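Just the one chain here, laid out as structure tokens, in the form predicted on its own.
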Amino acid sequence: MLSNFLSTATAEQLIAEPDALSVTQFSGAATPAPSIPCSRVAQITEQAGFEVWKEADGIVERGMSGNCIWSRSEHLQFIAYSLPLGRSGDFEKTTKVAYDEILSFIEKSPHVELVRFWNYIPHINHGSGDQENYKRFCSGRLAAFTQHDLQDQHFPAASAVGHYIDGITIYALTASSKPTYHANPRQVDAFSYPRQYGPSSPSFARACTIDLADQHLCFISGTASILGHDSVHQGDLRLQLYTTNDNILYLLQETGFHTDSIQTLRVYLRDPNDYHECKSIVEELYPNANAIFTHADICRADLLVEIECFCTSA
């Protein structure tokens, strides 16, 4: 049984648990270390700690292959990967190198099915037009997917947000059993966006579901205030949150889940000064879910907030 939660125990205590798949600290400055992946975004909740993924009753093995730090149970595999990348570096080339190594590792592992990717990108909105860092990231990612013969229907659920120091960090979750990828009828598939969003469309599914032993799992990708392919309610945090919630509700309906199925939320907030208002609305919309609030830039400069979800049902 897979679980995701926030803990204030020490990293050493958490990693010592035999069923711990991933122990992640959110910090704007720390450097990733083996078995302790570190996201380059700052947690802004009142009580800091580690995000933990555990597969109960499973024995986890851990190792490092090249730049891939990995942990693996019978059913699931987490991978953490980091490379140096500066504000004005070659985002397309670096991303392609990173994804090529990650995908090559996955292909040789016993868990080859792509489920969920998390991408932390430095200065994601820096640059104009096709030279924006996010658009160059998308080009590198798609080039690697294409090189590995991955088409639209094989893209995993994903999120891509920006942090404020150098270096790109990528996490991947893969599985031994085949997942199902889902679209949102209110939104154009990200991989079908028109040319205005860059030379390469974002390569991800809106959600991914998978069966794991006696659990049915759903991973909802980073979701924001987008209808069709347009950002809406620019500059209005409250309306962006409600539109984001509507998109999440549609994805829950498409995947056969419901609001009470949401176990955890990760909220990416562009302006930390919006935290208290954002927290109040999120708690109103998702009273039974545990939320982690982080300070991060969103892939589009006109978006103030993005939310991703992990859902379970027996």
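Source: prediction; values computed, not measured. Throughout, we count residues from 1 along the sequence that is shown.
Missing here is the form predicted together with a small molecule; even so, the following discussion is about that form.
Asker: Please check if H111 has a heavy atom lying within 4.5 Å of any heavy atom of the small molecule in the predicted complex.
Answerer: Close contact is absent here: in the predicted complex, H111 is far from the small molecule, nothing within 4.5 Å, heavy atoms only.
Asker: Answer with yes or no whether T243 is in contact with the small molecule in the predicted complex, where contact means some heavy atom within 4.5 Å.
Answerer: Contact with the small molecule, no.
Asker: Report whether the minimum heavy atom distance between G198 and the small molecule in the predicted complex is within 4.5 Å.
Answerer: Heavy-atom contact with the small molecule at 4.5 Å: absent for G198.
Asker: Hey, in the predicted complex, does Y134 get a heavy atom within 4.5 angstroms of the small molecule?
Answerer: Within the cut-off, so yes.
Asker: Under a 4.5 angstroms heavy atom criterion, identify the one residue in A172, I226, A175, I168 near the small molecule in the predicted complex.
Answerer: Of the candidates A172, I226, A175, I168, I226 is the one lying within 4.5 Å of the small molecule in the predicted complex.
Asker: Among S139, N119, S71, T209, which has any heavy atom within 4.5 Å of the small molecule in the predicted complex?
Answerer: Spelling it out, the residue with a heavy atom inside the cut-off is N119.
Asker: Among 100-108, 74-82, 154-162, 233-241, which stretch has residues with heavy atoms no more than 4.5 Å from the small molecule in the predicted complex?
Answerer: Result for this chain: 154-162.
Asker: Is the small molecule in the predicted complex close enough to F5, E51 and G58 that every residue in that trio has a heavy atom within 4.5 angstroms of it?
Answerer: No.
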